[in-house]
Every structure is written in structure tokens, then in C-alpha cells.
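Shown here is one chain on its own, the form predicted alone, set out as C-alpha cells.
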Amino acid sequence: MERFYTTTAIDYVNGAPHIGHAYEKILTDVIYRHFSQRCEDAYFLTGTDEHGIKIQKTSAAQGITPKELCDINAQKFQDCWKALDVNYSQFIRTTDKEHEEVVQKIFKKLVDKGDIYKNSYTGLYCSGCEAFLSEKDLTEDGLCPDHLKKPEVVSEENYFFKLTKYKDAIIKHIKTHPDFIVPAFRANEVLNQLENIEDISVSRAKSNVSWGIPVLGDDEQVIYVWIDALSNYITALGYNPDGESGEKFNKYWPATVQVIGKDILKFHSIYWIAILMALELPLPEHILAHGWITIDQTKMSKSLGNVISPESILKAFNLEHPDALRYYMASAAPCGKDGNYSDEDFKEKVNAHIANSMGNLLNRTLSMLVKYFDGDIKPEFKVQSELFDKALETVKAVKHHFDYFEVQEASQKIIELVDITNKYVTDNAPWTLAKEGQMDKCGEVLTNVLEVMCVISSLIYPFCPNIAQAMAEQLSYDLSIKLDDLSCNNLKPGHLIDKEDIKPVFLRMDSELADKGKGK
């Protein structure tokens, strides 16, 4: 794999980021970091969606301009991703001048091509979704199923995109590319939505929505979200609809995987694909639709007061870095399914997997190496073992799961390897071997375990970059080794570590040291 390009949905900035936003960004960052270990050139785009009626109304209610609101909240998202070590390559804002100018050119190109036309329209508009809904989209009570509010009847003269023109081509693409929509069971859902698809409004009357990108040559209209927000995936790369696109666009497009929530799959697998077809651009290789995160098995809701800030979790548990939360969130749900967050489950899972199983395994093995061999790796210790075979099998299994964006499943394989290695230590009892004077055998067992811990540090890195780095430092291991080059031949004969340099890579979240300073 020469290059890898991944994107997230861009977040709407009428509020601050919550744990649902964090789930998508952490999930994407883990995928990005994994593939960075497999290819030479990876790129990760995220950003914020900053136009529309909700921004206009929220800013007015707060007595500030729409741009001021966008600036305040876009910074909150960037600060949150920094706190979570989300290592994106580029952060795009749809109020960026470069983005706005290219969006206007895209709109004009599609008008000139005849794929965008002007027409009068009366429809049901949900301001929460910022979308027109049909009767079949509503609940039995005539409410938006996501916001449980009755949409308003809106009559406007708008520009429309000929979505129906590309219906058959989209159906054909989905059917001939079974791995296009991930997970595969979502494909039938999209095909069903395509059956009664209609042309879509791609502008709003300025008299109703003033906060938007103006349509070139028509001062009464602003460009709507489908052309504006969705285009960020290519405008960020320097796409030019009027001529030669930038180097980044030529290098990275089409996207390898676009990560979105299941609630906006229709917009990405139908609307976005049709727009790309109209622009005669290659389509993304995969669209990954993840599930939602519930809180204590209940859907997040402002009215219920259960909307959680990811930064508040880091603070509540006094975590010095976000690895525990990253691991928990990334492994929260099978591919495409819903996941759940609870404080108790978070603490129990992270303590069991990261502190007890993985961290303690490294700590006690290094401690025995110091106790019995003064921290030295002797040349005669190294032997090939079944444990090595299992470690390299795990590397293949983890790569396979990531190929299908099965992040939780990949994490399970890593922890399985940790458990197998712990069992190897118990079965071979190096403390007993030392007591019996079988020092070469004792050294071989410890060396085998530490070799596998090098592999584990590489595999866990996308989930827990700080913990992986701490492990690698104690093992004198190079984390930059590509996954295709991983072996169980990493430790060099000689002195590895001193007693004072052995430190827990992650403290149990209920330990005295981890809790120190809480409540102060």
C-alpha cells in the first residue's frame, strides 16, 4: 500500500464536542495510525461544518455573529482532538476562504453542465437535520425520527441537483463493489433508499438562510450543505473544478475510507457519490458507517442531561494521557454496530486489559530480568518458540481485521495475544526455573516474553500511542518498524534495563497512585 487517505464527517459547530463526536474521531485516528504503520504516505482529514440555519439562530440567540460562534466552537473541537491525541493531518473549516471559493466553482460547473437547475419547491424541512424530509421519512405522528419534532412546511425557489440522473449508476456501483459500504449489511438499506430517490435542493433562499456561501451570479441564493459540506473532502486537497488540481488532490484522491455515522450514510453513499459522478471524479474505495454511542444504555439527549464531554472523562479519572479512553472507545463496538459508555465498564475494562494484563506482564518480566540477570539479555537466551509463531499470526490477524475496518475485533486479537503470553509465563514459571538453577532456560522464557512484548507495543500503538511509546522505551524497541517487517528478533544482546528505569506503563484507575490528586 503506497498511500492511505481517510476522512471523518465534519462536525456541526452549534455546540461543543461530546463523546459521540469523540468516538468517530478516535476510531478514525486508530485506523489512520494503523495504516500509517503499513504504508509510506497516509493522510487524515477532519474539520467543522459551519454554515446553515442552526448556526444563524444559535449565534443570534447568543448575541454574536455566526462567524464568531463558529470561531469559538471550532476551537473547542480542535482542543478536544488535541486532548485525545487525534493526530489529523489537516483540519478544514467550511468558512475557510479557499473552501468557499472552490464550492462556488463546483456549483457553477454543475449548473453549466445542466446537473443543477432552478425550480420552485414546497417541502417538509427539519431544521435539526438541516434537510428536507418526505412523508415516508417521518414517524407515525409526523415527526422527524431523529429530533422528534414536526418539520415545517417550506416553500422556496431553489436550485436542485439531478440526483435521479445518477440513480442507476449508484445502484450498479454498490452491487458491483460489495465492500464499498462497510459494514456490508448497510448496503441493502441504501439500495432501498435509492428506490424512491428524488432530485435534491442544493440551495436555500437568502431570505430564509443568510449564513451560507453565495451562489455566483444569484445574490438571492446561498449554497446548501450537500454541495458545501460534502465537498470538503476534495476542497481540502486542492481540487480545482476549472483546471489542474493541486498535488495533494492528485496524490490522495480517491479516499481509501470515509468514516461517518450511520445516520448520515444516505448523504454519503447517495448524494456525495452522485456529486462525484457529476464531477467525473473517482469514487472513494470504502464508506464506513459506524454506530452510535449510548450512555449507560440510553441514547444521548440534552433533555436527559446525559451528554458527556470526553474531556470531562479524562478529568474525572485524573488521566495524564488519553490512551485509556482511546482504547475503550475504539473497542466499544463491533464494526458498524452501536456501543455503550459507562464509567464502571470503562474502569473495569481498561484496568483488566491495559493495567493488569498488558502493563503488569511487561513490568514483572522486566523485573525478573533485573532480579536474575541484572537486566541483561544474553546471546544464549534467544530461542524460537511457539509463542513467536502466535505473535506473528496475531500480526496477520490484526491486519486482516483492519482491512475490513473491524477495529474492535483487532483489539480483541491483541488482548488475546497478551493473555496467551501471560499463560506462557505461568506455564513456564521462570521464578521456579531460577530457584532450581536452570538459568539459561529462565533467561530464554523471559527473552521470549519480551520479544513478544515488542510486537504487542507495535500492535497496540494505534489505540494507545503513549503507552506503546513507554513500552518501547523500556524495551529499547523501535516503534517506527512497519507491520510488514515485524519479527521476534528485536532485542539486542547486552544490557537492556536497570531497576530504576522499570516503571508501570499504566496505573490501575482505582490505584492509590492513579487516584492521587483527585478532588483537589
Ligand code: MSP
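Computed from a predicted model, the values in this text were never measured in an experiment. Start at 1 with the first residue shown and count on from there.
From this point on, the text means the form predicted together with the ligand, which you will not see here.
The listed set A330, L110, L230, V103 contains one residue whose heavy atoms approach the ligand in the model of the complex to within 4.5 Å, identified as L230. Interface residue among L163, V182, I293, I174 relative to the ligand in the model of the complex, by the heavy atom within 4.5 Å criterion: I293. Each of H18, E24 and D263 is positioned with at least one heavy atom within 4.5 Å of the ligand in the model of the complex. Exactly one of the stretches 382 to 390, 221 to 229, 424 to 432, 206 to 214 approaches the ligand in the model of the complex with heavy atoms within 4.5 Å, and it is 221 to 229. The ligand in the model of the complex comes within 4.5 Å of no heavy atom belonging to D29. Looking at H268, you'd find a heavy atom of it within 4.5 angstroms of the ligand in the model of the complex. Heavy atoms of M509 never reach within 4.5 Å of the ligand in the model of the complex, leaving it off the interface.
In the model of the complex, no heavy atom of L496 sits within 4.5 Å of the ligand.
Residues of 384 to 410 are not found to place any heavy atom within 4.5 Å of the ligand in the model of the complex.
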